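The chain below stands alone and is given in structure tokens; this is the form predicted alone.
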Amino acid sequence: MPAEEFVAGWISGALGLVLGHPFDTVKVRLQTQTTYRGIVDCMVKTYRHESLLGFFKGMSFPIASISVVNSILFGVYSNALLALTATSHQERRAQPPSYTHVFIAGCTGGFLQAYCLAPFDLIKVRLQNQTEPRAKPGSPPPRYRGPVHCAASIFQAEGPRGLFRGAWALTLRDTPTLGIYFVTYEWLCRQFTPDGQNPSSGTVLVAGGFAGIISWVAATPLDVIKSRMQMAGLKQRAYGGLLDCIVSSARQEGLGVFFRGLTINSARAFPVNAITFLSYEYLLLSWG
């Protein structure tokens, strides 16, 4: 049933989110702040200044929201494949879709996911960039007291459009790279699975992990631009647009800036996407 794809996507997205959020926090800070010398320096400073909880800033909101967006990705992907091939998820091992259809379905899911994700992702990034330690009696409160206060503050200070900062960069990031993501996963599964059979758990883990790495290698340059545009309003710096952000970043910090966070993105991508695909496939198989 098509609705099952959305439910499985939500659950698998939530599991992947819990596993990957600390790495995501470090990645976002490396991309948007210049006070860290690298991954280890960022992790050490975050732990010393904010304790272990610093790595989980902004996570409660994604659990309730971005996991739902992940269900949109998997649900739209599977239902787009159903429309293109007239085969359900259970039938696709016996009648595998073409890689063109997989890519189109992945791009469709990525585009719609980005459209829904933009405000939630902005709030997550703003909360992750709060480096204040846990509030103590008498200490000044952080700029944002939580996700709802963050959304209200952005709306008040930057207007409705402020909630969609970086949306174009997010859309350009997710639309093609999620097509690549699903094609890579399908290709690897088919390489190590006899025709007509379901892939083993080990195959799903490896295929999902490598699909995550390859898609993030392609996505990281636009991910950097997306994060910087999302933080621009907070820093009272307005980019003239996507192209201006790209040119300004390259002039000031060189071309290497577009690969900032790639190492930790790749390290995070393997376990997160391995778990995401394994739980997704397991749920659909058990419900089928």
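Numbers for residues come from their place in the sequence shown, where the first is 1. For clarity, every value in this text was computed on a predicted model and none was experimentally measured.
Keep in mind that the form predicted together with a small molecule is not shown, yet the notes after this line are about it.
Note on the interface: of 159-167, 98-106, 189-197, 173-181, the segment with non-hydrogen atoms within 4.5 angstroms of the small molecule in the predicted complex is 173-181. Remark: V272 counts among the residues lining the small molecule in the predicted complex, judged by a heavy atom distance of 4.5 Å or less. Residue contact with the small molecule in the predicted complex: N70 places a heavy atom within 4.5 Å of it. Not displayed here, the small molecule is kept clear of Y185 by more than 4.5 Å at the level of heavy atoms in the predicted complex. Not displayed here, the small molecule is approached by W216 to within 4.5 Å at the level of heavy atoms in the predicted complex.
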